[in-house]
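Starting off, we have a lone chain in the form predicted on its own, written out as structure tokens.
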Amino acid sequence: MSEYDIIVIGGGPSGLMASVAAAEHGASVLLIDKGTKLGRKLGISGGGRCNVTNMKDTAELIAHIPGNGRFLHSALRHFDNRSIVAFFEELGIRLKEEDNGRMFPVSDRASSVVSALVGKVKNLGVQIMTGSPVREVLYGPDRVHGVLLDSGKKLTARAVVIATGGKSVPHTGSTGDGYSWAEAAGHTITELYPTEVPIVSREDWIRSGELQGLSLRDVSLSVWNEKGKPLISHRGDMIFTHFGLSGPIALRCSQFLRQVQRKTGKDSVEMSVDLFPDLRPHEMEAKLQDKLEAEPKKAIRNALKGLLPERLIPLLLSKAGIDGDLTCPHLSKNAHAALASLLKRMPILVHGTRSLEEAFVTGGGVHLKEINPGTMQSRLMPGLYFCGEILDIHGYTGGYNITAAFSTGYTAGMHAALKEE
């Protein structure tokens, strides 16, 4: 007879929620984590405020999870964003909605969310073992049997839930431990890569640091494919760094940059910034003309102040081949058109991203064709379940990844708890 009904490996958001669901459905549960503290990644999410979910409707929610979001339809029927809100509010965590549907605790403290969730796990009678690394998951010829700890101790269970996360943000404990256990059960691990990660450029003006620290607000950033068409565009804020681009829209574009590199085999990919995304090209030309004509005696580099970030002006004039000391009446029609075009499509040659360890989210993971989407159980090894970032699912930042973690965690825990025939 097994010591436990279910062993959950990993004390992050998906593992904690799997433990809650399993215990609520009557199972005896052991939660194991190699770290000394549960919920470490949850505690730093949302800039330390914990963006617990996003309130967009299901179709839009899934659209914001470009990495296999459609796989989540069944899990979201079990436990969706509204279920997440209700769950935390029942625990006394009041939530508030901010821009773009993001939900945060009114306290603005991630620690309050972690404490409430860990408290719920304990109140349900889940046994917790921290500081207890798992060496391997034990499999028999026909099903999972339990786990072997690094200490040499064996623990038996009729079901094991692997919720160990990916390889991003490794200081929280996400170091990819679960992939080898999945492979030992016969599972395929798709290529792992960084997503929601800053972008690297070797442009001279990036390397010189002339724009380092400059933030652009409400602009549009695009990745261009090999046919010269925009593959994806995201609107919002970004920042220039000493190595390239960061900020929300740069992070969102990062996975599409990788797609173009893989398809073309080329090191460099063109991206571009639209500094005035609300204006059409002819409207941009008119706006620029009005600005320059309003101050005809000023040098162009001075006349553009107020229209553009001051640190950006020398670069744009250089790219347009314009002498910044010229006064506005001396600007040729061709030069005017070139500058207006740059304001709508300022090119940036990029060369990849920062490392997987520096990413917010891991792309790739356990192949989804080998997982039952309605239960999160392995199709290859009965009694083995997966949830959270170890799966080949990834979304944008903004509450989407944590929604996937909670939803798949609840689904895995609930179904693992169901009595088998």
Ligand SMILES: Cc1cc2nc3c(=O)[nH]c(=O)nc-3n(C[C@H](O)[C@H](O)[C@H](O)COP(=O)(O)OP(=O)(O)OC[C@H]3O[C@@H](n4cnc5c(N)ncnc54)[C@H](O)[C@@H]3O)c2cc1C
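Please read these numbers as outputs of a predicted model, since none were measured by experiment. Residue numbers run from 1 along the displayed sequence.
The same protein also has a form predicted together with the ligand, omitted here; what follows describes it.
Checklist entry - Is there any non-hydrogen atom of residue 134 lying within 4.5 Å of the ligand in the predicted complex? => result Yes, residue 134 is a contact residue.
Item to check | Non-hydrogen atom contact residue 361 with the ligand in the predicted complex at 4.5 angstroms | outcome: Yes, contact at 4.5 Å.
Next on the checklist: Within 4.5 Å, heavy atoms only: does residue 177 come near the ligand in the predicted complex?
Outcome noted: Answer yes; at least one heavy atom of residue 177 falls within 4.5 Å of the ligand in the predicted complex.
Checklist entry - Counting only non-hydrogen atoms and a 4.5 angstroms cut-off, does residue 163 reach the ligand in the predicted complex? => result Because a heavy atom of residue 163 falls inside 4.5 Å of the ligand in the predicted complex, the answer is yes.
Checklist entry - Of 38-46, 373-381, 22-30, 66-74, which is the one stretch near the ligand in the predicted complex, taking non-hydrogen atoms within 4.5 angstroms as near? => result Answer to the contact question: 38-46.
Checklist entry - So which of 56, 34, 354, 367 reaches within 4.5 angstroms of the ligand in the predicted complex, heavy atom to heavy atom? => result For this set of options, the contacting one is 34.
Next on the checklist: Residues 139, 146 and 413 are flagged as a possible site; in the predicted complex, is every one of them within 4.5 Å of the ligand by some non-hydrogen atom?
Outcome noted: Checked in the predicted complex: no contact with the ligand for any of the three.
Item to check | Heavy atom within 4.5 Å of the ligand in the predicted complex - qualifying residues of 4-38 | outcome: Read in sequence order, the residues that approach the ligand (within 4.5 Å, in the predicted complex) are 9, 10, 11, 12, 13, 14, 15, 32, 33, 34, 35.
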